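Before any questions on binding or motion, here is one chain by itself as structure tokens, the form predicted alone.
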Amino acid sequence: MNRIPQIIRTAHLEYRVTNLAQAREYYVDTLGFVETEATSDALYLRGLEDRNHHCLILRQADTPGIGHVAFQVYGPEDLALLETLYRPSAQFMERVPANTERGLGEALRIQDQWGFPLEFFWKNAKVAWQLQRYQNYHGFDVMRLDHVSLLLPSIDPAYRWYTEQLGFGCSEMTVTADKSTKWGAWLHRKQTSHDLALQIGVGSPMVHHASFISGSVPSLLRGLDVLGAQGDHRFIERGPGRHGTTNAFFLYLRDPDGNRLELFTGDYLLTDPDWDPIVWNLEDEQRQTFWGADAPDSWFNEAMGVANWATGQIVPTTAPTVQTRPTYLNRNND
């Protein structure tokens, strides 16, 4: 039997930003990320819990969007397995030596069959732990990257790929009322609700958001007060609230370039190997927000383009194939 690559977790991602100084002020000074290293064209940031070099890269670019999404694996043999696995379907694939990306060991870069720029690596430079340096806590007390949400015109092919070929488990899913179509799937490698969310969306390939753990609900609320006090309330897109799916407390923000991130705290531990996915009906009003509050149109209709590894340009997206907004949310638009 073929061995499944041992993916540890979603480890970092890269946001493209058009003004690096402005992005640093937002992410480090206001939100509370820790700056590990700066170069002429990039900032390498981490959370207070991180002992790896970075969980977020801010890269100077002409246009915003996602540079890549990265997963950490256990060892070099997993890179070889992934190479074999992706070779028939990848649009682009290359091995890059250590330190091609600051703080990272040898890596495998792939433009996958859906057009997403992925990176797999197994070594990461270690840095000073900030967890008990409470004097450095500020903003939202950002702890670590938790998950990334990918938008696809159809969930089933990607769901099968990640669960059958890459060994992801499924914690929860959303299906249409007739149960004929998966609308979303929450997939995990680490033992929390998810590392990766697959959602039907406005086009493919696009990333809906990256989610970072906030230290606590009070941390999240304090960060909101800071945004308000600074006149930065315009960056608040949705929330605060509690998700039905994952049970976590959430807040969605946009950065100065429009890139979307979520602050997220309070989901659950998932250790049972025989976990049965929690299944939600798409028309359940408590699915997205447990309190029943609506989400703004932008949350459904806007997302982030992704870069092509080979050219560095944003990949053209497909047209949507399915309505992105559940019918119950159209009740005020009749």
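Residues carry their position along the shown sequence, with the first being 1. Keep in mind that what you see is a predicted model, and the values were worked out from it rather than measured.
One more form of this protein exists, namely the form predicted in complex with another copy of the chain; it is left out here, but the text below deals with it.
Can you work out which of H243, K182, H147, R260 has a heavy atom no more than 4.5 Å from another copy of the chain in the predicted bound form? Looking at the other structure, the residue within range turns out to be H243.
Just one of I236, M173, L79, L118 has a heavy atom within 4.5 Å of another copy of the chain in the predicted bound form. Which one? In short, I236.
Site test, I8, Q132 and D225 vs another copy of the chain in the predicted bound form, non-hydrogen atom cutoff 4.5 Å: Yes: each residue has a heavy atom within 4.5 Å of the partner.
Is there a non-hydrogen atom of Q230 within 4.5 angstroms of a non-hydrogen atom of another copy of the chain in the predicted bound form? Yes, Q230 is a contact residue.
Would D62 sit within 4.5 Å of another copy of the chain in the predicted bound form, counting heavy atoms only? D62: no contact with another copy of the chain in the predicted bound form.
Is there a heavy atom of K190 no more than 4.5 Å from a heavy atom of another copy of the chain in the predicted bound form? Flag for K190 set to yes.
Give a yes/no on whether F300 approaches another copy of the chain to within 4.5 Å in the predicted bound form, heavy atoms considered. F300: no, not in contact with another copy of the chain in the predicted bound form.
Since the chain is shown here on its own, which stretch among 99-107, 197-205, 211-219, 86-94 would lie within 4.5 Å of another copy of the chain in the predicted bound form, judged by heavy atoms? Correct option: 211-219.
Neighbours of another copy of the chain in the predicted bound form among 268-302 [non-hydrogen atom within 4.5 angstroms]: Result: Y268, L269, T271, D272, P273, D274, W275, D276, I278, W280, E285, Q286, F290, W291, G292.
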